[in-house]
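First comes one chain, alone, set out as structure tokens in the form predicted on its own.
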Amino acid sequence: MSRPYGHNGHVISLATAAPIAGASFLASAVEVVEAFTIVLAVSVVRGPRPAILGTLSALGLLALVIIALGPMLAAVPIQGLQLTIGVLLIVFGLGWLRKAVLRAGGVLSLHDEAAAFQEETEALRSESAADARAADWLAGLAAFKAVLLEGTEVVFIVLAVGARPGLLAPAAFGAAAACVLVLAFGVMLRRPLTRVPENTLKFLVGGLLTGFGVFWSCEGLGAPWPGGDWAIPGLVAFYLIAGLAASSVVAAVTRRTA
């Protein structure tokens, strides 16, 4: 049952808010895990100072971007914004689904956080053989780049899925919860989060983003959906089932060709 709640005069159903928060949480968790792996490698090789400085610098730059983009998005007509964001979400979501399908089907190798951590650690140690100050600067730059790149994707996802009036709060809440949980587990374990089922998360996020993208695009074009916001779970389920079916076909073809 949909239970509406108000936000600045806008009534948003639970059917919309819950998937928004879930999509933002899952997508952000994947990005934060990847950024954390690089920052942890920097901390292990060169100590916490360059890792913290690089991370804080990237977060500060991201905050400035958000402050600059906020008023610009508010000035765009809602239907035009929904259509633009919807198309971007479809492209972004189908990209995630494609990678997840190919990895599940055995065409692409699964992303390995332990291998990524080892590779980054070896690269930083080879750089550390040079001048210590230069090595610290390069290590901080590696942390900055990782947090900036993955953080940019998180910001895009939050702004995209929260483009509809009243949805920015649940989208931001989902992203913030993912950041806090991943960092808490990472700091507590002090090692790469290898047990995070990244490809499963990519499947879920790909289906969520694609479903929302189709919904936003049609709303931006003025086409009503039967059942209103409750069409979103159906769209998400459709793309998830299609992705799983495609991965089974790809796996079968891969086995035959092998």
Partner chain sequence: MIGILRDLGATLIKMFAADLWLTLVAIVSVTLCAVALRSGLIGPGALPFVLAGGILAALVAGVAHGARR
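Numbering follows the first chain given and starts at 1. Please read these numbers as outputs of a predicted model, since none were measured by experiment.
Unshown form predicted together with its partner chain; subsequent notes refer to it.
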Checklist entry - residue 18: heavy atom within 4.5 Å of its partner chain in the model of the complex? => result no
Checklist entry - Hey, in the model of the complex, does residue 225 get a heavy atom within 4.5 angstroms of its partner chain? => result yes
Next on the checklist: Would you classify residue 121 as touching its partner chain in the model of the complex, given a 4.5 Å non-hydrogen atom cut-off?
Outcome noted: no
Checklist entry - Any of the heavy atoms of residue 218 lying within 4.5 Å of its partner chain in the model of the complex? => result yes
Next on the checklist: To verify the annotation, which of these, 214, 26, 40, 58, has a non-hydrogen atom within 4.5 Å of its partner chain in the model of the complex?
Outcome noted: 214
Item to check | its partner chain in the model of the complex - contacting residues of 144-158, heavy atom within 4.5 Å | outcome: 144, 145, 148, 149, 152, 153, 156
